[in-house]
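What follows is a pair of forms of the same protein chain, given separately as structure tokens and numbered structure 1 and structure 2.
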Structure 1
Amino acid sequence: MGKNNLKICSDLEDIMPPEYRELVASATYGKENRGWKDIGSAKELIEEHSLCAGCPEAIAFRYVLASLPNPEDTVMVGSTGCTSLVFPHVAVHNIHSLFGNQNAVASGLKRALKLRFPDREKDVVVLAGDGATVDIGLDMTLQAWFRQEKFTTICFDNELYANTGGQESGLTQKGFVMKMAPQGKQFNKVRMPEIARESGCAYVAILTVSKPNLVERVLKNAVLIARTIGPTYIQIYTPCILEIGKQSMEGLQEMRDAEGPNDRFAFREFITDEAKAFLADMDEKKKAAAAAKIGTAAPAGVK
């Protein structure tokens, strides 16, 4: 995928579907500083989807796609769930794994890409729900971190099984009552960010998608750190408004309510010392490049 590959033969231009022509013209591949502000103008950032109206997962998916630092060299690994309905609409290479084994698939994929493209950086990003990440796929999630596999794991935390009728998951809040858990959750929400930290992740963040600037920064940090240092983990609250009894326009407020001070989705970030040094060095290089641009653009004789 990329601008070099995403071209239309001039002889076939007039017969290509207008949607595809627009995709080629507006794709953000190769664009410097691409980000969430491209949503609405770039067709590959999920113009349409088959999820419920107002679904926070659809918002989160758009932000994730827009924030990938190098989408033309990125492969996403998904798992069974609501997100698997969206991947067919995504103009980024992706693989649909079996339920729960997404981190195992990503491990092999990352190693194979390194062998196949030794001189080219290929990012692998896992995207799965709380059932695939924390319940059924926990062993493979942890083993990838133990092995220090260099890819990013994103958990869309619905706090329940949204795709199959509203059963409780390990990430459901204690006491929460659902259609298929009428007695309420009997134990506390699994502390997955802490587990990720203790399992060797170099960067861990927990947040909602109510602040797109924050999602973009966190996602880029996670992918770039994973390239060089080791596994990274992001847990994003994407409530299933259908299963928790909210209206389609209430998803954003639900996320805001969950990210208050000391609440379960108050923004938290863990960065190892090595990862901090990496980010600091990256910032210095960006500043130097920006200063060089300004110097190049200055009129002759002006310093």
Structure 2
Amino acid sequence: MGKNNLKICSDLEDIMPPEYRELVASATYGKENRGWKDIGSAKELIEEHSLCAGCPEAIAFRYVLASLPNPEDTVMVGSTGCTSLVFPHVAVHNIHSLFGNQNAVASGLKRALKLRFPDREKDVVVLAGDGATVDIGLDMTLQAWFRQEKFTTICFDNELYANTGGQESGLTQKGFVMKMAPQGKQFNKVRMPEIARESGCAYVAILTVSKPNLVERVLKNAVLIARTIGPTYIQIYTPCILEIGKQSMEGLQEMRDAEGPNDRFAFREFITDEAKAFLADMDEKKKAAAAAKIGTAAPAGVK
């Protein structure tokens, strides 16, 4: 799309909602190297949200949106759950259709965009909860990976069904007493990153959102690798503070407590050799371009 499409007829400017005017004036569509550091100085692609106060899903959403390499040509696919309360406030095209079918929708969408825009990159990014990704939608999650569909799947893992009031999910830890698991969960947290790797993902990462730099790096890797090589998967811990009995300001500490070297959200990355080579090559090109820029920089005042 590019920023040029985002214009307001001057006669109507005064009646446009202020958040839309801000989007036109200072959003980061088309900005090279956009990232989480733009937060605070540019208009974010997410308006105020209606999640619980302090819900880590909110900050995760903001980092993800700030880190998309190409939001002006990105379409997102969501699913029912707490994340679907946020998508209506997101300023990239996004699809909510049903609960759990997100990777099937994304498969059709990506193929349609490839067909209609053969010479342009249109990124597709799925963002859904753990119930959507690992339980009700598991077959479609995996089958999209088996088929090597070229899009990124992000799972906001809060280890339960939050939107329906705190029921056990496949990503709940073993032994936890939850609604519908009155005697505690009887089986282990599903090892989704390993399953993703074995199912054909070219890049897999599991992390929390305690470090925005890391979220940005992982997200960019995932989107760029999905564009060129094959499916990618990111699993992010976004604790449901409401259901685990934490206060609004305790989300960050909860994430830090879950990412020690032996904890379940210790940062891990799987990357295929092909994807590794692709990233190295991209780095190389970037460095060369930067060097060329310095080398040929015209003296001040000369054009």
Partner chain sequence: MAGNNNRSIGAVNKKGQKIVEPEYLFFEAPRQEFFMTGSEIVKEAIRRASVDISVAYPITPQSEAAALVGELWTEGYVGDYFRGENEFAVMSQCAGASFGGARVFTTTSGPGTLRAFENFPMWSGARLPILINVMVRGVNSPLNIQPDTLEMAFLLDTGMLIWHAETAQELFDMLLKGFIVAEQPDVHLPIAVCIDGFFVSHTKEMVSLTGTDICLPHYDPYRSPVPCMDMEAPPMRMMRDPFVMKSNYISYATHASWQQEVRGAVERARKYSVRYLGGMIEEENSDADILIVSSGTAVAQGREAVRLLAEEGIKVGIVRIKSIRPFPTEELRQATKNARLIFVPEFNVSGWMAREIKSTIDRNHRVIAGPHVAGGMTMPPEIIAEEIKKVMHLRKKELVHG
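Along the sequence of structure 1, residues get numbers from 1 upward. For the two forms, the rigid core is made up of the largest set of C-alpha atoms that agree within 1.5 Å on superposition. Values in this document were obtained by computation on a predicted structure and should not be read as measured data.
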item	value
Number assigned to the form predicted on its own in this pair	1
Core superposition between structure 1 and structure 2, C-alpha change of Pro182 at least 2 Å	yes
Per-residue C-alpha change between structure 1 and structure 2, Lys43, threshold 2 Å, rigid core fit	yes
